[in-house]
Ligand code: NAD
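Okay, here we've got a single chain as structure tokens, the form predicted alone, with questions on binding and movement later.
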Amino acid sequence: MGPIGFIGLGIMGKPMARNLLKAGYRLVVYDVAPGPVEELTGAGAEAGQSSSDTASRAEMVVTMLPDGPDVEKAVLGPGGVLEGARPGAVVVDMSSISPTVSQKVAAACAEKGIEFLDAPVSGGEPKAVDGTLAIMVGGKPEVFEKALPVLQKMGSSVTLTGPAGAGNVTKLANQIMVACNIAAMGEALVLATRAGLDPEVVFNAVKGGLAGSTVLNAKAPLVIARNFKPGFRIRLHQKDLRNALLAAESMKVSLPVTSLVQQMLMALMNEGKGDLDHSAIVTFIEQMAGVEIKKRE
């Protein structure tokens, strides 16, 4: 395969791009911030001058951006991917955005003879670094097969879930389950701590049973250690739940628990906690109870 363009080198994008470099792919990278571009060019990538320039030098373009408006600007806007990409190129948007935006971008790509996949990921920074992300893909089966070897260098699980937009519907379902799991964990461990129990002992007691989950195993130790360094930021999870609620409204689906947790995330953002890890959802519950989940001395 020829060069791969990679646009968006944030917490997730930078390690994902590094894994492609390690796998031997030639990369042309671009980000509005110069720092990560310099890091990756130091590791062997070429620097793109814009989204359009990056796309003009690549057979496949991967985008990893914060939200739908960012993707529209980078792909459809002036100086965007569609200005530079050649017919037959493949755009793989790995951002977590609204499914309707994915479908809009897919349609715009199709008009120019460019293929499109939406391929959002789950696993946060640790799995981005390890190359073990879960990748949920929407698009044509034949385009998926073409992109699969590249995606497998960034994820240990890569699943075609349906046509364009389906990847982001699946990601929204994932984000609902993760956020509600963290909130439930917070309530459970606040109760246990108030009762005088060591939350670490409670965590170890329940993790092997039906309440055990990947979310619990990943987040409970961080909460107990009071480590809210972002792997996935509260403000980004709030964005995902907002997109889930907007999609649900358009389909006349009621998501009462999702709505409640999204309000918690909004409240935490208003307290200046938007850049903390989403495990800090528990601090909303702690504040209401006047209890802090932490290991007993």
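Quick caveat: nothing in here was measured; it's all calculated off a predicted structure. Residue numbers run from 1 along the displayed sequence.
Absent from the display: the form predicted in complex with the named molecule. The rest refers to it.
A single residue from the set Glu46, Asp53, Asp70, Glu39 has any heavy atom within 4.5 angstroms of the named molecule in the predicted bound form; that residue is Asp70. Screening Gly186, Gly124, Pro199, Gly165 for any heavy atom within 4.5 Å of the named molecule in the predicted bound form leaves a single hit, Gly124.
Contact between Met269 and the named molecule in the predicted bound form is not found at the 4.5 Å heavy atom cutoff.
In the predicted bound form, the named molecule lies farther than 4.5 Å from every heavy atom of Leu245. Taking non-hydrogen atoms only, Gly274 never approaches the named molecule to within 4.5 angstroms in the predicted bound form.
In the predicted bound form, the named molecule stays beyond 4.5 Å of every heavy atom belonging to Leu27. The stretch among 104-112, 187-195, 89-97, 152-160 whose residues place heavy atoms within 4.5 Å of the named molecule in the predicted bound form is 89-97.
Taking the named molecule as it sits in the predicted bound form, the stretch 253-283 never comes within 4.5 angstroms of it through any non-hydrogen atom.
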